[in-house]
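First comes one chain, alone, set out as structure tokens in the form predicted on its own.
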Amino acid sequence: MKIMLFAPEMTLLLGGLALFLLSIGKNTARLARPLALAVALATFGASLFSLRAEGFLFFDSYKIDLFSQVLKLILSGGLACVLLFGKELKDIAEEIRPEYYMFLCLSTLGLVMLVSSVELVTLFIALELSSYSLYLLVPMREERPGLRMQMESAIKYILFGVVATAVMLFGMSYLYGLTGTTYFAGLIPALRTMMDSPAALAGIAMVMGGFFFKLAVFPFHFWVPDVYQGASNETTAFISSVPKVAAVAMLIRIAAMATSEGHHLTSMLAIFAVLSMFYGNLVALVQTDIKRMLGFSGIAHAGYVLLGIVTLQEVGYATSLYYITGYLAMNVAGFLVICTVSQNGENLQISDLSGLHKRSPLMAFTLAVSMFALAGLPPFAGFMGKFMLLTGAYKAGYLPLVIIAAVNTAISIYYYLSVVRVTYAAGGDKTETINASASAKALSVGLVLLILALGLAPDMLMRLATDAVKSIL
């Protein structure tokens, strides 16, 4: 039955509808989180059940294949992790929590639809469904003395998002004008014969711009520091990880339109990769707010991910997919600690983590693993991901990029290890014990094991990523 191909999307859609009904009821806020968590886990199960399913829906504009199903598995897993952070949202008013969880589910629905989109208009609708849900999540943070950034952050997020959308739509019009179709099945063979055409290159680049915005690639990153700082900690955890997985997936789909002769496209991607790595790492060095530091480091990681895409080869795409999956686990682990340590939902300075190993040994260890992995130190997922990205780029003939990425990895080690030093070496004035929920403790252990497993045994995920990429080439 074709409807079964749409099971993950239907689960999220019905879950969003149920949360909407909760939002108009009375005294229903306490039911919102368990329901949202059940929806996320059911979507994960539906994606796992339909992992090998194949087919087309909606007049062939929507494709179910291994690539899309693997991504749905990762996206729903990311949503479940964010929902497991704690029993209650510390910085979201209780009466609007059903709406908050509803928009989280709808944003994930947009991302899930995005990775199955093989037609430009479908892709645009899915992207906007996800984006507008995120725009609404940012200002939901409670207003409190000394913290008025949520509204300003939301406005900046919307304005930059609208510009990115306009650029992407303009690029889509170029592609349609050149090929006469909006379907990827027609676009790919047509564009492969015109990769030297400035109009084709401009069209692909502008469509990629929409996803560069999601991934926070330089110079599409301007929203990052303010939105990270202005949104609640849980919202930032979602924005900084889950949409980036979908963005990388769609960049791979679009890059697959090019051939190995697409020199201009690879040059553009290489320039963006270099600028993202240097800008993100150098600015992260001077940050004192840990969310802003993770925001700028995320810009640098976007540059690392592009090293795989710039090769325009199957192994490079698979490695980028592996790396962004590992990044999701590493980043969520870091934000889990931030959300747990932040007792009232306030933003944390790096200095606020001093002496954390005495207040919560488990959270201190989780943060240390997250920072080591993000820095690219063995034996964690970040090390293996960077090693494979650099090896792939070297074999594809991008030695200067490899050297630049290695230099940037060395730079990043300083600020990541500074956080670990503060956590373990400094005594600090704060002595209160951190009371983590049982779900937060379980998730903490699970994420540490996952980050370690991805680093020590990357073969399983790499095989799955390679098979997924093969299904779209």
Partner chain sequence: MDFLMLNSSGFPILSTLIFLPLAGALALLAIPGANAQRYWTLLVTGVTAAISLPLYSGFDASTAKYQFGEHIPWISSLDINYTLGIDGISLLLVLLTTLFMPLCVLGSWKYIETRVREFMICLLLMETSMLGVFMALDFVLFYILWEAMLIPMYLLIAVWGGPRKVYASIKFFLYTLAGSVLLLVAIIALYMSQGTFSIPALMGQSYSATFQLLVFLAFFLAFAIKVPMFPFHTWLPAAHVEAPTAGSVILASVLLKMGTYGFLRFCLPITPEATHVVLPYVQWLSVAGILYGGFTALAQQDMKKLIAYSSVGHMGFVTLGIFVLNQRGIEGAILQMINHGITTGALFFCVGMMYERTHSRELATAAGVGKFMPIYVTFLAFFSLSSLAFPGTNSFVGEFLILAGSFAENKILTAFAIPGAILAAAYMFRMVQRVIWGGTDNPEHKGLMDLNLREILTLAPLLVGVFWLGLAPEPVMNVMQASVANVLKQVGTASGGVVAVTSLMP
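The structure presented is a predicted model; accordingly, all values stated were derived computationally and were not measured. Numbering follows the first chain given and starts at 1.
This next part talks about the form predicted together with its partner chain, which is not shown.
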item: Single option in Phe220, Tyr327, Phe380, Phe85 placed near its partner chain in the model of the complex, where near means a heavy atom within 4.5 Å; value: Phe380
item: Among the candidates Phe278, Phe124, Tyr135, Tyr394, the residue which, in the model of the complex, approaches its partner chain to within 4.5 Å (heavy atoms); value: Tyr394
item: Segment assignment from 163 to 171, 236 to 244, 89 to 97, 371 to 379: heavy atom within 4.5 Å of its partner chain in the model of the complex; value: 371 to 379
item: Within 4.5 Å of its partner chain in the model of the complex, all of Ile403, Tyr424 and Leu456 (non-hydrogen atom); value: yes
item: Non-hydrogen atom contact Tyr176 with its partner chain in the model of the complex at 4.5 angstroms; value: no
item: Close approach of Val445 to its partner chain in the model of the complex, 4.5 Å, heavy atom; value: no
item: Distance check, Ala410 to its partner chain in the model of the complex, heavy atom within 4.5 Å; value: yes
item: Interface membership of Leu399, its partner chain in the model of the complex, 4.5 Å heavy atom rule; value: yes
